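A lone chain, given as C-alpha cells: the form predicted on its own.
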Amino acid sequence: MLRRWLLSLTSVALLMLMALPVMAADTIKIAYIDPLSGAFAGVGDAGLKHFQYNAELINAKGGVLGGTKLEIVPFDNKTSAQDSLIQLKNVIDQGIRIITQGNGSNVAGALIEAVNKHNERNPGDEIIYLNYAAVTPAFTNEQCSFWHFRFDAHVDMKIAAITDYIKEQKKVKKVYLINMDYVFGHSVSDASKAMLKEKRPDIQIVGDTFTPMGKVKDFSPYVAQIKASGADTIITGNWGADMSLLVKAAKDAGLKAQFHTFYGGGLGAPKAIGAAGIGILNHVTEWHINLNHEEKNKQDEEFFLGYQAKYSGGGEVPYYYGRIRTQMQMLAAAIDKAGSADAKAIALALEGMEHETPYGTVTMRAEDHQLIQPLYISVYAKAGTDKVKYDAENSGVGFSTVKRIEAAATAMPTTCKMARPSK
C-alpha cells in the first residue's frame, strides 16, 4: 500500500515537473538584433520602439495561445555581422527561438547562414528569422531559406516601382546613383542601371558612387560631384545617418535635383531637409504617416496617434515602419494557427498566409518567403494641406502619395530552390 502510494506521489510530481515549462511560458520572447549603439543607434532604437508598441497592442487584446504575452528582447549588434553572431549565441543560450533583424544586409546574410547551421545541427530546437528591412534580393532568391521570412519589399521590387514612375517623367534625362558600399548598395546600383536601360534607354547614368557605410560625416564633396554631373535625378538606397547627412548636404548646396529614395522618410531625413524637399524628395514605402488621412482610415489613424503619444518623443521620431505592424500581426496569427511557439510550426503556418492590412491584402509567398504587398511612392509636401495632415519629425513637411503600386504588380520572379526540413 505504501509502495503504491509512493509510486503515485512520484508520478504526480513528475507530471508537475513536466508541466512547469508550459506553466512558466507566460511570455513568448522575440529577440530584436539591431544597432543600439554606434552610427545607426537612432535607427535601431526607433525600430525597437515599433516592435514594443505592436507587442503591447497584441498583448492588450489577449496575446496569443489564449493569454500568452509577446515580449521583445533587445540585443545590440552595432550593425556588425560579427557582433550579430555573438548576440545570436546569447539568444540561443537564453532559450529564445524567434529572432528579428532589419538594418544591414551584411548582418542578414550572416544570420541566415548561422540560423541554417544551427537548425541543421539541432533538429527540434530550431530558430525562425523574421527580416523586416534587409532587402538584398538574394535572400529570397539564391540564398533563400525555409527559416527566413522577409516582410519588406526587396531592392528589385522597390527599384521596379521607382523606375516605372521615372519612365513616365519625360523631364528626367540624367540620373546619378549614390549608395553605401556594401552588398545592399551595390544591389540598388545594379538594379537601377538594368531597369533604367530597359525602360528609358535615353537616360544617361552620369554617376555611380559608393560611400563607406556609416563613415562619412560630410557629404558635401559628393554633392559637389552630383552638381557637376548635371544630374536632374538621384537614386539612393542610403539609410540612417548616411541618408540624413546626404540630404542635408544637398540642401546646403542648393541642389534642386529630384531624389528617389528608399529611406528619404527615415530617421533624421525630414528634419535635415525640411521645406527644401517639397516636391523634390520621393521615397518608396509600404506605408507613410498621411495614408490614414488620405484614405480616411480612422483605425489606422488611432494606431498612428497611439504610437505618437507614447513613443515618438513629442513627434521627433514618428511611426515609420508599416511592415513591423504587419509582421507582428502575422506572427501572432501564425503562433495561434500552429498552436505553439515552435519555430518549424510557425514557419509552416506563415507560408502562403494572407493577411488583411488597413490598405489591402498581403501574402507571404510560400515558394520564397517574400511578402507581397502594395507599395507607395510619396513626395515631401507642406504639412497642413488637404492631403498632408501630419508632418514628420516636427519639420513642417509630411508625405503625399503620388503613386500606389498594387500588391500583384510588385511581385517579381524568384529563383529560390528552397531546401525544406524533413517532416
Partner chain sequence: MFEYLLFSLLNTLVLGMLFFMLSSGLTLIFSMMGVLNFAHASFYMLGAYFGYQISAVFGFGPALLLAPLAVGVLGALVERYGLRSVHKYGHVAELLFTVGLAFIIEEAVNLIWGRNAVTYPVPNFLDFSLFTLFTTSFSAYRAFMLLISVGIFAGVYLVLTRTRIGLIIQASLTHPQGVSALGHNVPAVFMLVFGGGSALAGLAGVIGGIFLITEPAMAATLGPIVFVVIVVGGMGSLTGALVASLLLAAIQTFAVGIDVSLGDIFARIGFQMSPGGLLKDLWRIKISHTGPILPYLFMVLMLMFRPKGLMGKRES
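Just so we're on the same page, rigid core means the largest C-alpha set that superposes within 1.5 Å between forms. Numbering follows the first chain given and starts at 1. Keep in mind it's a predicted model, so treat the numbers as computed, not measured.
Note that the form predicted together with the partner chain isn't included here; everything after this is about it.
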Among 325-333, 152-160, 264-272, 86-94, which stretch sits within 4.5 Å of the partner chain in the predicted complex, heavy atoms only?
264-272
Taking the partner chain as it sits in the predicted complex, is Gly306 in contact with it (heavy atom to heavy atom, 4.5 Å or less)?
no
Can you tell me whether Gly63 touches the partner chain? I mean in the predicted complex, with a 4.5 angstroms heavy atom cut-off.
no
Is Asp252 near the partner chain? Define near as a heavy atom within 4.5 Å, in the predicted complex.
yes
Does at least one non-hydrogen atom of Ala224 fall within 4.5 angstroms of the partner chain in the predicted complex?
yes
Heavy atom within 4.5 Å of the partner chain in the predicted complex - residue from Val317, Ile128, Leu291, Val135:
Val317
Considering Lys215, Lys197, Lys298, Lys170, which brings a non-hydrogen atom within 4.5 Å of the partner chain in the predicted complex?
Lys215
Among Ala41, Phe210 and Ala241, does every residue place a heavy atom within 4.5 Å of the partner chain in the predicted complex?
yes
Any CA movement of 2 Å or more for Phe219 between this form and the one not shown, core superposed?
yes
Any CA movement of 2 Å or more for Tyr176 between this form and the one not shown, core superposed?
yes
Against the shown form, C-alpha atoms of Ala276 and Gly214 in the predicted complex: closer or farther, for a change of 3 Å or more?
closer
Look at the CA atoms of Glu393 and Lys251: state whether they lie closer or farther apart in the predicted complex than in this form, given a difference of 3 Å or more.
farther
